[in-house]
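Just one chain follows, in the form predicted alone, and it is written as structure tokens.
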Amino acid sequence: MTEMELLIDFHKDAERQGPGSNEDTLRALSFIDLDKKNRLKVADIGCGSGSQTISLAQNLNAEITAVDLFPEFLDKLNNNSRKLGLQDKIVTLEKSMDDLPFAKEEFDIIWSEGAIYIIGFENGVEKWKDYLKIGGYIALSEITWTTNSRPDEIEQHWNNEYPQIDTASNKMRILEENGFSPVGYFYLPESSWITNYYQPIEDRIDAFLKKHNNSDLAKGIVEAEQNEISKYRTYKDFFSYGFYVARKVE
């Protein structure tokens, strides 16, 4: 297996591929003021195995297009939607988020939890806004500084990993410059990181290493995950995912 194949194998059976919770999804959804009587069109971009997609389908009268590049995640989402009787509300699309086949102003809501970093926050907002109707909403969770000053170690780490990390105010400015009016913001609590994401990662490490015969590539993936967890535990007061909800006004 390649490193990417191993990484997918490590995460494909997890409920989540990043921090979050059903409560976070519903809290973000509570900022959206649309006529729930009409059937809405929603795009969930970078959906992974779709825990949040399921939540949206259970709480909206909507047709949801769930987009991800990796079929392993979409297969799990399709299986879960069938088990829950939601297959008529969720359609999956195997596609890169920077090459989407959507029409101009096709959607009422564009959703993306913990995934827009793949193409960058500003780039994603600029690209995706065209798919959204005037008066529609965008809801994004994105790595965000929660303070104006940070220890050098964590600042250098995130500036190397993702130079677009920034404060919430600067992320809001990007939304406003792209024709959005912010309507809600909050950052994810510690439980969304530890209980829902990192603890399940730690619980499956031994089985993953055994499955792959303790190969160097498998050990490398585990080491990277453990390093990420350690940095969060040490510096969690300085960063989190911010959840941004904004309405397209122009």
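The first residue of the sequence shown is number 1, and the count goes up from there. As the structure is a prediction and not an experimental result, all values here were calculated from the model.
Omitted here: the form predicted together with a small molecule. The next part is about that form.
Asker: Classify Ser96 as contacting or not contacting the small molecule in the model of the complex by the rule of any non-hydrogen atom within 4.5 angstroms, answering yes or no.
Answerer: Yes.
Asker: Within a 4.5 Å heavy atom cut-off, is Leu69 in contact with the small molecule in the model of the complex?
Answerer: Although the small molecule is absent here, Leu69 would touch it in the model of the complex, with heavy atoms inside 4.5 Å.
Asker: Can you check whether Gln52 is within 4.5 Å of the small molecule in the model of the complex, heavy atom basis?
Answerer: Looking in the model of the complex, residue contacts with the small molecule include Gln52, since a heavy atom lies within 4.5 Å.
Asker: Does the small molecule get within 4.5 angstroms of any non-hydrogen atom of Gly18 in the model of the complex?
Answerer: Judged by the heavy-atom cut-off of 4.5 Å, Gly18 is in contact with the small molecule in the model of the complex.
Asker: What I'd like checked is whether Cys47, Phe73 and Ala115 together line the small molecule in the model of the complex, meaning each has a non-hydrogen atom within 4.5 Å of it.
Answerer: Affirmative, all three are within 4.5 Å.
Asker: Hey, of 161 to 169, 144 to 152, 88 to 96, 174 to 182, which bit sits against the small molecule in the model of the complex at 4.5 Å between non-hydrogen atoms?
Answerer: Only one stretch passes the 4.5 Å heavy-atom test: 88 to 96.
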